[in-house]
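As a starting point, one isolated chain is supplied in structure tokens, in the form predicted alone.
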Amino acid sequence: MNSSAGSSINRAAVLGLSLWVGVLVLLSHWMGQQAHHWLPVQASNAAPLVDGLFSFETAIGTFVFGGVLSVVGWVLLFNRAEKYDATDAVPIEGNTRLEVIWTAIPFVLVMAIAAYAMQVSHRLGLVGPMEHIHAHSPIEMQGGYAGDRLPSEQIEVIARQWSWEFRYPGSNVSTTELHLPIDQPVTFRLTSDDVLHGFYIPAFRLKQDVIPGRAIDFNLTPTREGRYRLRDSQFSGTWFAANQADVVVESREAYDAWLKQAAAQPLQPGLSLAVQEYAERQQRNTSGWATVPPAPPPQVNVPGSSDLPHDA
């Protein structure tokens, strides 16, 4: 009789636990899907891969968080001492089965995240060869490329304190606003004139450090028309937060027309919010904090604007 009752209670406990685990799995899946809405729009061929990994990690994190809270809630509700019970708890020995379970589950989850991350990293490598580093000056690297494939568009990106300059080889066009044709692979040749910078466009999901004394090839393919924002992801000095530029992704026809129009424009000072803010500070004649004077704005054909709305 007692054996039958104990067996019934065990089956009920297993059923209840299974149902609750199922609820946690559904909740985790829902949170993973919601994670896609927390990120900027997807504007490159790498974005879906990165977002998929982020969604998976969010789902795993939700499951672990929900599981831990469930155990805490169970203990608080059903394993509390009585109000005036000041006695010691019952001494118990370790539970080998339980220890195996709570060791195996995190191990499986971590290995799943690692396997998925390795798969995404491999697929990102197939999207386009990235981070080809040349320990030479940009001038020495003219015409050279470290990868087996050569995208049709190559753009030189020069980072300074605190402005970006983009040069389009073959057209003699220089700008402080980046234009890209949609669905066209592009290679950025990243260089820095001073300190460490970070080339990061949130809508593209990929980031690359720009290291002084090196030329780094960085590849991607824009997949969505719009106006996005390039940001300096590395602390490069006082005005690094103002070191931003617009990135315009447009049709091939619009890009070619813009490039032709830009080539006819005379050179003029490029966009540099840091130079403007530094000049205003000098006019106020306040001591403030010590800082490095910004580099002069580059001479470009198209300065661009920092006031236009952008998608991300």
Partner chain sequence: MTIATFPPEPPPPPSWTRYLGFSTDAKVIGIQYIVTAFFFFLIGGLLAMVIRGELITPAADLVDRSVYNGIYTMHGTIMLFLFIFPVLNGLNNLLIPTMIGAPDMAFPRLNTAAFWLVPVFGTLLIASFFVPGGPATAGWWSYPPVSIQNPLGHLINGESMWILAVALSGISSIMGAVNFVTTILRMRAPGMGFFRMPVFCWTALAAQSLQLIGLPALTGGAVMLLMDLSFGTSFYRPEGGGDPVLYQHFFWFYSHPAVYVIILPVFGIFSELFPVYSRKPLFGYVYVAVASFIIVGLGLIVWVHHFFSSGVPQWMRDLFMATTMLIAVPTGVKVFAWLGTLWGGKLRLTTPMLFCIGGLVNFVFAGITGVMLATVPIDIHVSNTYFVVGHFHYVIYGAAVMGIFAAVYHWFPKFTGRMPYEGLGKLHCLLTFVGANLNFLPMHPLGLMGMPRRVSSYDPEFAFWNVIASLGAFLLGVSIIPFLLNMLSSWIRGPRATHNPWDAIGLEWLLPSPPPEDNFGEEVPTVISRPYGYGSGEPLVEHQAEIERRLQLQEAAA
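Positions refer to the first chain, counted from 1. The shown structure was predicted, so the numbers you read here are calculated from the model rather than taken from an experiment. Note that the rigid core is defined as the largest set of C-alphas that superpose within 1.5 Å between two forms.
The next section is about a form of this same protein that is not shown, the form predicted together with the partner chain.
Looking at residue 231, you'd find a heavy atom of it within 4.5 angstroms of the partner chain in the model of the complex. In the model of the complex, the partner chain sits within 4.5 Å of a heavy atom of residue 214. Contact check for residue 168: no non-hydrogen atom falls within 4.5 Å of the partner chain in the model of the complex.
Although the partner is absent here, residue 172 is not a contact residue: none of its heavy atoms lies within 4.5 angstroms of the partner chain in the model of the complex. None of 279, 264, 69, 26 but one reaches within 4.5 angstroms of the partner chain in the model of the complex through a heavy atom, and that residue is 69. For the stretch 95-116, the set of residues having any non-hydrogen atom within 4.5 angstroms of the partner chain in the model of the complex comprises 95, 96, 98, 99, 102, 103, 106, 107, 110, 111, 113, 114, in sequence order. Once you line up the core between the shown form and the other one, the Cα of residue 172 stays within less than 2 Å of where it was.
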